[in-house]
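Structure 1 and structure 2 below are the same protein chain in two forms, each given by itself as structure tokens.
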Structure 1
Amino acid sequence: MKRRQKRIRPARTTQRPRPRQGPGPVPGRWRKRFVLGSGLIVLVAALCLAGPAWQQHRLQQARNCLENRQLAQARQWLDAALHRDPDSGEALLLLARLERREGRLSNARDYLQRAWKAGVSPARLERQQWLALAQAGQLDEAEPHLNELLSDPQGEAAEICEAFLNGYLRAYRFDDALRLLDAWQADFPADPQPRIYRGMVFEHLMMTGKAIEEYEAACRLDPARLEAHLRLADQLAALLRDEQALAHYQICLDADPRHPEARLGYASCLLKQGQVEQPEQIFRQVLADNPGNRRARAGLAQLTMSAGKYDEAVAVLQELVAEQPTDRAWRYQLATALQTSGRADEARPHFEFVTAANQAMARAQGLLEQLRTEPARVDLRFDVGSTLLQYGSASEGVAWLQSVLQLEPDHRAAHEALAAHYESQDQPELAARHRRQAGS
């Protein structure tokens, strides 16, 4: 301690020089100059050497964040690294991984190209390309490399599994997903992520109880894993177990009070329990952050209807239905609001849609059950996909139709359905591609 005090003192004297009282002893003055000069040299040298080391530190932090699923923080580190060196191959490669994991595959491809130009080895790029293909659901091209990837994971075993699992889920190949999860879970029993993926598989299979078991296990393995809490809460809420769901939403909100999905889930549970003021407040807060949020607008419309303000509800619901015409719940609520406000003629087409949708979705449910035992039936997959596109979740419909094309790339009707969908979504390039393939 005493020695440290001694080292600090000279620096203070340089900052606050005493008034000169005439020339002092020469040897002392030279000693001071020597010390000052040496300090400056060391500082300059440190700054020169710190640049590369600091860059390495940024990249390592980015790797750690990627491994810990802290993608936003990983991006911060990588942005900083690229700011320091725009041609850093390692940073570009890591950004490609990040973009892929966030589902932006075209961005991932761009970064891989830049990484290649920056000199990253082709072998490393190739691995990333396989993972991107897997994640895109192009499993025909990626699957032959799965064993190779897993036998030499290079510290990325979890990421490899995730990429393929995303692909399997995208292609609705649940049996393959479960097999890969078995392997992942066996090697990493303490990792909550395979349990989360297993839960997602069960969600797709509409086995909510089993999905809940998996998410609960994930929460036990890592109580801080918000994704597990959020998914668990959503499933519990779907089963009307609102008290339990609220507890898990609350955990998410404790960690991130502005988490939009957790806020909306929380408010929806309160809404189901007959509360008015608090859910309304939350919906309005979410809308303040994101004025277009549909769930929040729909929640407010529900509250408005309960208060008997049907005209007000109609206005909101008409906007929502215009934005997403296949949403049964909104169509039904709009129909009942119109009917109750004396506009039966306007209500009729919405009632008719809901009736048709219920029938079609009930039929699709039967087809899904058939698919569990006959997963290779292209006709069933097409039927489910078309139904979902028309009456249910468009993204799921697209996924089912893409799964048709996985099994039968020239399936004309699937291409036509996808072309029509992309046309309706104002995505002309994709639409044109499927039109071409439909015609070929």
Structure 2
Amino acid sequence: MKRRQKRIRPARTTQRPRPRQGPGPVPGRWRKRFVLGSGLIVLVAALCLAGPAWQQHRLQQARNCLENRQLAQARQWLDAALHRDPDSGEALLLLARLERREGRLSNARDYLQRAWKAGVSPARLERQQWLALAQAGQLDEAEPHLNELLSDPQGEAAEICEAFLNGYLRAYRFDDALRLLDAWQADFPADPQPRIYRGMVFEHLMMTGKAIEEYEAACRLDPARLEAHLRLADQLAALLRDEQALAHYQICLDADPRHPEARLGYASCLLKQGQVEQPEQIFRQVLADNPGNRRARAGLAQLTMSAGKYDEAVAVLQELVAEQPTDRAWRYQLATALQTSGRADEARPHFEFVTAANQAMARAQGLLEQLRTEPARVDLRFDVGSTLLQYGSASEGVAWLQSVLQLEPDHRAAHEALAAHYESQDQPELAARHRRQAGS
């Protein structure tokens, strides 16, 4: 009998059966591809929209910074905007405003030219040209447009006032400046800038007490406004109120430890209080950053005198006096150093200059008080300018004499005084021009 053979069954496997082939992808994979594709489409669309949106954001941030007087930040936003679009008319126009506010008027004109080529409307460009003329002191051309600008300020009322105020200060038209400040302050009572400008006017008029009041008011309105603190500190230091001055210099240094004017003012106050080590350190730090800084050099010369090194101090002070002969403080320090080192004959003319300068500047202060009530008196303006050229700030003296010529273009004595000044400064072209206009 034949033995029946066992049927061999196939072993069980865990492998899943292959799916049935069909005409399209399986549902799970199709969903993944659909989501991924949709995401890419959305991302591309977002990137396309983000270009113009981010450009508008940059421009708006630049406008905000200009309004808040954050000029360095405004430049960063505008540089980024121009990098994105070198032909952006709006960015070029804002850069023109920025350059004008920083006093670089030739750069402002270049940006206005580029903005015109980029298609900015002539009306908008014309407004900026008027403000540039005002800030440059060309008030005959700019002033007829002041009412038009203020009647439709287009969100730039403070900037308009500031441009004209700079022009009035350049022309030493202080009554016009004060009237405009009254209007600005009435419209923007919380803005500290009118107070700062009013303090600057009082500085020009040598009214230190009133300048201090205005700067204190500006600090109360905006405790973070460093310009107000610095100007206040300088005026307090001039009145020997050193402890108060130090407090305001310190506010500036807390915000910007390398602020050069605040560091020098702080060191000078400490020096007057008899301190030596810290002022010397500050003066040397400032000179490391700016080797030609005159205030730091004068401070070190004073420290050298205190150490009894008179010949060394004389050498530095003679250099400073040669660079700025009308500085009374340096002339007095030089005279003192010369006398102490036994050179009395050399000291005498410097002491005589200081005495004459103090008398002349006291007289000039009286003339300035007269000018407040009689601003059109060219004889008073000429006397003030001549006095400052000889005994005070040469740049202010020149400005006063130029204000004479704005009122009386053929004023011979003013032309002659300016010609002599420019000859002493080795500027022959300017000297020759004034000689011609003087008829000499």
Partner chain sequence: MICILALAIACSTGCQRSPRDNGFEPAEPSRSATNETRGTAIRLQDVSSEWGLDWTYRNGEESGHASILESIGGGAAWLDYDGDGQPDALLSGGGHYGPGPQVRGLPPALWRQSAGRLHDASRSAGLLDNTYHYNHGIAVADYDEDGFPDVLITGYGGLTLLHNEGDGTFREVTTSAGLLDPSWSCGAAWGDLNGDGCLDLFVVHYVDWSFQNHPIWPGPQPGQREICPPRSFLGLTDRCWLSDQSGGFLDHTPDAGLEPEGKGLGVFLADVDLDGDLDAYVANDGVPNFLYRNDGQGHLVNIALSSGVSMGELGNADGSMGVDLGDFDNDGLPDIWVANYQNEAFALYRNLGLDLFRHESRVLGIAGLGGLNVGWGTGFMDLDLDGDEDLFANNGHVMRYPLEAPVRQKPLVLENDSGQRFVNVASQAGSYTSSPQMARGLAAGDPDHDGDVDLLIVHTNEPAALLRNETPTGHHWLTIRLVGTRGPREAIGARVRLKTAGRTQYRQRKGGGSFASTSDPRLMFGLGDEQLVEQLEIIWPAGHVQLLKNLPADQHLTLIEPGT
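Reference numbering: structure 1, starting with residue 1. This structure is a prediction, so every number in the text was calculated from the model and none was measured. Definition used throughout: the rigid core is the maximal C-alpha set that superposes within 1.5 Å between two forms.
Visitor: Decide which single structure shows the form predicted in complex with its partner chain, answering 1 or 2.
Guide: Looking at both, the form predicted in complex with its partner chain is number 1.
Visitor: With a threshold of 2 Å on the C-alpha, tell me if residue 331 counts as moved between structure 1 and structure 2 once the core is superposed.
Guide: Residue 331 C-alpha, core-superposed: shift of 2 Å or more.
Visitor: So with the core overlaid, does the Cα of residue 355 end up 2 Å or more away between structure 1 and structure 2?
Guide: Yes; residue 355 is a residue whose C-alpha shifts (by 2 Å or more) between structure 1 and structure 2 when the cores are overlaid.
Visitor: Does residue 372 show a Cα shift reaching 2 Å between structure 1 and structure 2 after rigid-core superposition?
Guide: For residue 372, whose C-alpha is compared between structure 1 and structure 2 after core superposition, the shift is 2 Å or more.
Visitor: Relative to the superposed core, report the C-alpha shift of residue 384 between structure 1 and structure 2 in angstrom.
Guide: With the rigid core fitted, the alpha carbon of residue 384 is displaced 3.4 Å between structure 1 and structure 2.
Visitor: Rigid core superposed, I'd like the Cα shift of residue 420 between structure 1 and structure 2 in Å.
Guide: In the core superposition between structure 1 and structure 2, the C-alpha of residue 420 moves 6.0 Å.
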